[in-house]
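Just one chain follows, in the form predicted on its own, and it is written as structure tokens.
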């Protein structure tokens, strides 16, 4: 009877060890982008062999992007606390006309973000559009406001997403970036190690 119980526990353990399905693969396509230091980066080549946590932002965003970025920071802090490394954080702007490397650097500096394993990317509009299209992120220009002094505020209606990408460049899970459960994504990262 004890042997049966032991076998049941083993089967239950292996059966419950959830695998994350592959949602999308970046494939053979590489994208020439620039980071917050105006350094050229080839994506996803520069993160090869690393687990990637990625979100899609524009720095003028009044709501979702700051929440998603803060959640990325919380995930980064949690991983450091748990001594989980080989994880790269990537934020891609889909508003490259405004989000220059300097703007992205300032965005990170104002938030006191740790850029030791976090890269902000931008590039030409056709390239950033290609990346977001491949991963199923939508960003549609919305209303804008022009003030008397000429200052313009504009918005995008866009997908609220953080993605978990494995070391082979495969998207393994999508999360709602503004309300992500940090425990859930940390658990999923551990499954990829």
Partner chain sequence: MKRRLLIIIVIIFAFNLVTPTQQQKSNNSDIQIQKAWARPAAKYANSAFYFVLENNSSRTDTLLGAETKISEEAEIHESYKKDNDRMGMRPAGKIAIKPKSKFEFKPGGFHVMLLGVEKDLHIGDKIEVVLRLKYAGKIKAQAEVRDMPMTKEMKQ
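Every value quoted in this text rests on a predicted model; they were computed, and no experiment measured them. Residue numbers count along the first chain shown, from 1. What we label the rigid core is the largest C-alpha set whose atoms superpose within 1.5 Å from one form to the other.
The form predicted together with the partner chain exists for this protein as well; it is not shown, and the discussion that follows is about that form.
- With the partner omitted here, the stretch from 28-36, 44-52, 143-151, 120-128 that lies within 4.5 Å of the partner chain by heavy atoms in the model of the complex is 143-151.
- None of the heavy atoms of residue 134 is located within 4.5 Å of the partner chain in the model of the complex.
- In the model of the complex, none of the heavy atoms of residue 80 sits within 4.5 Å of a heavy atom of the partner chain.
- The closest heavy atom approach of residue 159 to the partner chain in the model of the complex falls within 4.5 Å.
- Contact annotation: residue 164 falls outside 4.5 Å of the partner chain in the model of the complex, judged by heavy atom distances.
- In the model of the complex, the residues of 98-119 lying within 4.5 Å of the partner chain by at least one heavy atom are, in order, 106, 110, 111, 112.
- Comparing the forms between this form and the one not shown on their rigid core, the Cα displacement of residue 152 reaches 2 Å or more.
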